[in-house]
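A lone chain, given as structure tokens: the form predicted alone.
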Amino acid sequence: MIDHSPCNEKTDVELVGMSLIDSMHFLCLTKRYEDKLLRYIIRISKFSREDAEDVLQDVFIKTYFNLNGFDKDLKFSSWIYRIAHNEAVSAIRKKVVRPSIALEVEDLVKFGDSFDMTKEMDNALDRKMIDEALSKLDEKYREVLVLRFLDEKDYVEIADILKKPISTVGNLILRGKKLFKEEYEKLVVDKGRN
């Protein structure tokens, strides 16, 4: 018998357990995570929406077939982001494309603690420069910055997703913010010369 209570009243762990009994409950998990994971995949891969949706479909298939292996003592969100990370990286390698970040303007205001980007976002040219500055960063820095500031993951979740120690995550974020600021400021100076 299917429990017809709304999906949003159930925790991820409850939905995993229910999905193992009746696959229809897995739809609740896909609805809960599809938008977040799609944005994440697009940001780290720079795939078109259609290509990112294909990767997302693979993420959900892999998630469903591995639900029995999910450790209920861990956060489901970290687990599914890890699967999304692996699938996106695999798809990137298949396409032999250098990953970069696609950002939505409203996401940019969240980016960085000490560097105030809101004052830097006066027009579309600024957005282009922000995208360009991010694209110049090494993948390891782009990825932690996206997870921390755009997907709002805490250090523990990022460590789980990337399978790196928390101290390494902290160092990558700190260094990534500094490198981003340097790249952005170079672009601002170059823009002033033109």
Partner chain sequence: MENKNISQIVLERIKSDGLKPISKNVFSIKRVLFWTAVVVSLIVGAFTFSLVLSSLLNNDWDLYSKFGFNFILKTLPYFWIISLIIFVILGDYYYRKTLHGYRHTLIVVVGAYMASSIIFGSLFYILKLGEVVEKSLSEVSPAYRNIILNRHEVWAHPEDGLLSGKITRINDGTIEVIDSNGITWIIDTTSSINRGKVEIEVGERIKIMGDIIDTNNFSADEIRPWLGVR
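Here the structure is a predicted model, which means the values were calculated and not measured. Positions refer to the first chain, counted from 1.
Omitted here: the form predicted in complex with the partner chain. The next part is about that form.
- [ ] Answer for L174 alone: is it within 4.5 Å of the partner chain in the predicted bound form, judged on heavy atom distances?
- [x] No, no contact at 4.5 Å.
Open item on the list: Would you classify K140 as touching the partner chain in the predicted bound form, given a 4.5 Å non-hydrogen atom cut-off?
Closed with: Residue-level check for K140: no, no contact with the partner chain.
Open item on the list: At 4.5 Å between heavy atoms, is R82 in contact with the partner chain in the predicted bound form?
Closed with: R82 belongs to the contact set for the partner chain.
Open item on the list: Since only the chain is shown here, I'm wondering whether S23 would be in contact with the partner chain in the predicted bound form (any heavy atom pair within 4.5 Å).
Closed with: Output for S23 is yes: heavy atoms within 4.5 Å of the partner chain.
Task: Partner contacts for 24-56, taking the partner chain in the predicted bound form and a 4.5 Å heavy atom cut-off - done: In sequence order, M24, F26, L27, T30, K31, E34, D35, L38, R39, I42, R49, E53, L56 come within 4.5 Å of the partner.
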